[in-house]
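One chain comes next, on its own, written as structure tokens: the form predicted on its own.
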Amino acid sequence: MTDYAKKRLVLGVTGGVAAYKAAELTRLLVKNDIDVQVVMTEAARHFVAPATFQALSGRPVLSDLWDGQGGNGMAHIEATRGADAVLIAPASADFLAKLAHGAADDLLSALCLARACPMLVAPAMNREMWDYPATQRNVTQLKRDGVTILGPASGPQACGETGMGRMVEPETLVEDVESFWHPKLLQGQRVLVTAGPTFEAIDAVRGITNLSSGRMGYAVARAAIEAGAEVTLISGPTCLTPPAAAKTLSVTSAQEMLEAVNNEIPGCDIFISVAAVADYYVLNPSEQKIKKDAHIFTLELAPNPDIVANVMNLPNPPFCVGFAAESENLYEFAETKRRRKNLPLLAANLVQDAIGHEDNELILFDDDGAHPLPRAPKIVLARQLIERVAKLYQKGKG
């Protein structure tokens, strides 16, 4: 999150087994350059020691409404002043009831009433407690009060049962918090993103692929979600975890990716083709493993379909964004590709600067010329790209 001002978050931890996840959540938030002030309920202290959160956040943990060490003795007022949001994770059934009815009998519930910033809650409880009518009424009331509810998720629970009520995983909560803070430049738009390499089979175990990690495409999908878009991610083979809010479709070959794109493109507003699609496929792949011998082995290759060109040739194509990875003459080759495919926007980079790295440099090409983006983490570049996409998309609609 180095592309905008450092955010300050008050993290409230309530009593429940999921409190141990709040420690990992704190670590990830701090890693993402978010200033975290942890506030614990008395019940939470029975599950995780405050010293854990102090070590991870670098700040003393607040928990006592009557502790006068914080200047004027009004921690329930001062804790949220200057904060960008309050996140309660985990939020127990009891604490949801307090919030819904305005109870303020401890420090955390009092500061929630006295806050001057938005609030998000991540419920965590047994499935029966979550389904109980009173809990559902409380959640409904909190939504009416403008509170953002994150989760819960479904799965195995500490009690041995399985169902809805698990706290959303820390990695996803970090994404949710960061998304909450970003301007919703693409609110209500449907965005389709392709990412990763493709794999063209030679035989049962071998194939033609490339060195694309998929990181840039996954970052673009995440940035589009942060901007408020409904995102579908079509991904070739990668080891990455897709954004939780994206509809993700896994494919292997270029032909499978084309079919998936054709299925998802109707109703799509913006198509961003980040995937490194193989230019060729093997005409006669073997269903069995080809045995090694002393002879020269020849493959017969045929060109794969151009997915971006296919989309651009539709009667009413969406706003299309292409990607180009070149090894030389970047400006010349990228702009030539953009004009040949009639793309309103193309992002380009040198392969030697991008492959295998978690950061990158991009140059955006459009009708106004070339716009270099300095080297930065790929998520930062993805956010800058989405800002440009939103600007050009709205300009085209106007």
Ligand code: C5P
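Predicted model only: the values in this text are computed from it and were never measured. All residue numbers are counted from 1 along the displayed sequence.
What comes next is about the form predicted in complex with this ligand, which is not displayed.
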item: Among the candidates R59, K341, R27, R45, the residue which, in the model of the complex, approaches this ligand to within 4.5 Å (heavy atoms); value: K341
item: Contact residue in the model of the complex, from P305, G163, G228, P237 (heavy atom within 4.5 Å of this ligand); value: P305
item: Interface stretch in the model of the complex with this ligand - options 277-285, 172-180, 137-145, 212-220, non-hydrogen atom within 4.5 Å; value: 277-285
item: F323 within 4.5 Å of this ligand in the model of the complex, heavy atoms; value: yes
item: Interface membership of K337, this ligand in the model of the complex, 4.5 Å heavy atom rule; value: yes
item: Within 360-387, the residues that have a heavy atom no more than 4.5 Å from this ligand in the model of the complex; value: none
